[in-house]
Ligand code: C2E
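Coming up is one lone chain in structure tokens, specifically the form predicted on its own.
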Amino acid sequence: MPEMDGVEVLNQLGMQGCKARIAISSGVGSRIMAAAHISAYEHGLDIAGLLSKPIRLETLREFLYCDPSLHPSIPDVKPAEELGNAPITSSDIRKAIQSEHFRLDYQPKVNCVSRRVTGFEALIRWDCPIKGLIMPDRFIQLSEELGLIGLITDQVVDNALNWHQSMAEIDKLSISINLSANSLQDLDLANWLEKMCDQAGIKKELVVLEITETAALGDQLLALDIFTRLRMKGFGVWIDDFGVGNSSLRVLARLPFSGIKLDKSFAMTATTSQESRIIIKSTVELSHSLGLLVIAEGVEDRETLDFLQEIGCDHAQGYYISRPMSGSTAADWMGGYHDRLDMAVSG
């Protein structure tokens, strides 16, 4: 500055892989700041919050010294940096499948009222010995195009169910698994998942399958048959990233979802955007009138979680609660989190 405006600065910081926590401060208005927040998040930046000018000393002090009592005790770090942007080949993916280089991290979900953990979402990562950590946006689509996504899904489901079986509170916790659009082309999907759950000793009612709206818009008759069979067997089926597609309402009316997952862009801007708050509140009301549960992802501060509780949202997920963590870390984290939560309530 003044050679670059704030958006350009954020763009440059993202390109340089900046890991510092960043506060966005401006007097341009809440809607523009909210848009800048979303842009920064998409660039991979860690945004601590928004400060509207003029800034009062009390506001700044509260912002810098907020109460961390309910924050997780795991380090506040992002995943290891990917090593370069070398192209990924079909041979790379085949070797990763054969060598089982795909692993799962787990991010908790909490009840918006009790704040207790209700389940975890399994998130795939690729630990490549040559390229380093590779996130799913770099290999899922290619795996689908190569017809290899089914083999990856086999490993994901097997690992997620086995990990869930090892958790102490298995009868209370759900496990969410993301399914590829290709999975919705297999009418036998419900039978296969039922068999996997039986082998792992897990109740089907505790397994939530997250499917993007785009995936559901393929062969809708086949999707309807598959979704109906999944629901009849007891699986939860949630529409993921709700609110960013072109036909969300039509999909809700046609397919037997049991819940929706609001796209993270709404919760991320709930504290600064009246429009986001209205959309979240309206979506919760609509969903409940249809008998659906709602989870908001992208929750990055306590104020947003309090707002979700106030409007009756069912579940929340996001960095304020915890970043994704390894399976070995999750059990210890949950015990410590509930201990701190109980202490906060009793205090």
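Quantities reported herein were computed from a predicted structural model and do not represent experimental measurements. One rule holds for the numbers: they count along the sequence shown, beginning at 1.
The same protein also exists as the form predicted together with the ligand; that form is not shown, yet it is the one meant from here on.
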Problem - Option from 275 to 283, 308 to 316, 48 to 56, 292 to 300 whose residues, in the predicted complex, bring a heavy atom within 4.5 Å of the ligand - result: 292 to 300
Fill in the blank from the handout: in the predicted complex, the residue from Leu230, Ile239, Ala122, Leu161 with a non-hydrogen atom within 4.5 Å of the ligand is Ala122
Problem - Selected contact from Met135, Ile97, Leu173, Leu146, since only one has a non-hydrogen atom within 4.5 angstroms of the ligand in the predicted complex - result: Met135
Handout entry: Within 4.5 Å of the ligand in the predicted complex, all of Val110, Cys197 and Gly327 (non-hydrogen atom)
Key = no
Practice task
Would you check, heavy atoms only and a 4.5 Å threshold, whether Leu179 touches the ligand in the predicted complex?
Solution key: yes
Exercise for the section: Check whether Ile260 has any heavy atom within 4.5 Å of a heavy atom of the ligand in the predicted complex, and answer yes or no. Expected result: no
Handout entry: Proximity of Val207 to the ligand in the predicted complex, heavy atoms at 4.5 Å
Key = no
Exercise for the section: Spell out, yes or no, whether the shortest heavy atom distance between Ile140 and the ligand in the predicted complex is within 4.5 Å. Expected result: yes
Exercise for the section: Give, in sequence order, every residue of 40 to 54 that has a heavy atom within 4.5 Å of the ligand in the predicted complex, or say none if there are no such residues. Expected result: Tyr41
